[in-house]
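Here we start with a single chain on its own, the form predicted on its own, put down as structure tokens.
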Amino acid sequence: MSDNKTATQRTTIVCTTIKDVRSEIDKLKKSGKKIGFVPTMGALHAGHLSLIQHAREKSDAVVVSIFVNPTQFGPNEDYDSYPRQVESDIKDCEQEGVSIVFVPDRGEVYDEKNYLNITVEELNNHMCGGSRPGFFEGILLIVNKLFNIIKPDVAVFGQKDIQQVQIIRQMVHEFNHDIEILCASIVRANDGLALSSRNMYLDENERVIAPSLYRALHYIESQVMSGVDTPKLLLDHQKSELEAKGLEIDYLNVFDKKTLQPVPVLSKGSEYIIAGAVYLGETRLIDNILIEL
């Protein structure tokens, strides 16, 4: 639904308060614009830009939020050191024809003390939720807030964070948000590495090794699509291969796409996620491939 104007002809409005961003969005809605929304934590790369482009195709005006959300970081995780480059992020948004960039500070989004929270059951028992307690509760808290602030018609998330996508879809369903959730494909470097803001943590040698996770997932996919329906030995072998290259395994498994539970025996007509997370040095890498048998 993108119009014919080029990105460079557009004017991007930057808002730092909830009041201002709501006011600007109201103007767009009153003029009949369909609102697309891309929530980010900044440090934008080509993967984020592809989400923005996808949102532009599905809407008339795109809103991008840039906010490093503290509630999804554990006590020993990289909240303080997470890459922040707001000025260049805003320039990227301008180039992509984004209508509004919402850049709130922590105090604008959260009170000093919060009395309410969101809990997740079962859907966060495995994958990233299995090793990051409170992670998805923090994500749902901020996404729910942003949905209530922006009130978009469509919101675009990346497949790289497929567990997040599926849990947010469930939240939209259970909380009756009138928002269409779109999942955009993973953007990869030429060697297969899924693009991520955290890739900048990798040193030169680690960057060479990093695509090994994708290659392992791709190999598992090829074997499953060739008829392997009990993937345990296949998974164990790939774990050993990755560990031999110096990667520490968080998880590597085949999960049901809807329930996000590990599946020991695969069946025809079902959808699965082949997913893994590894540590390479201090950097955590995640990736996945979606399949339907």
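Note that this is a predicted model, so its numbers are computed, not measured. The first residue of the shown sequence is 1; numbering continues from there.
Keep in mind the form predicted in complex with adenosine monophosphate is missing from the figure; the text below concerns it.
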query: Partner-contacting position among 217, 186, 142, 149 - heavy atom within 4.5 Å of adenosine monophosphate in the predicted complex; finding: 186
query: Adenosine monophosphate: the contacting residue among 202, 195, 181, 118 in the predicted complex [heavy atom, 4.5 Å]; finding: 195
query: Answer range among 154-162, 97-105, 202-210, 121-129 for contact with adenosine monophosphate, defined in the predicted complex as heavy atoms within 4.5 Å; finding: 154-162
query: Adenosine monophosphate contact at residue 40 in the predicted complex, heavy atom, 4.5 Å; finding: yes
query: 4.5 Å heavy atom contact, residue 231 and adenosine monophosphate in the predicted complex; finding: no
query: 4.5 Å heavy atom contact, residue 110 and adenosine monophosphate in the predicted complex; finding: no
query: Touches adenosine monophosphate in the predicted complex: residue 51 (any heavy atom, 4.5 Å); finding: yes
query: Residues from 81-100 in contact with adenosine monophosphate (non-hydrogen atom within 4.5 Å) in the predicted complex; finding: 82
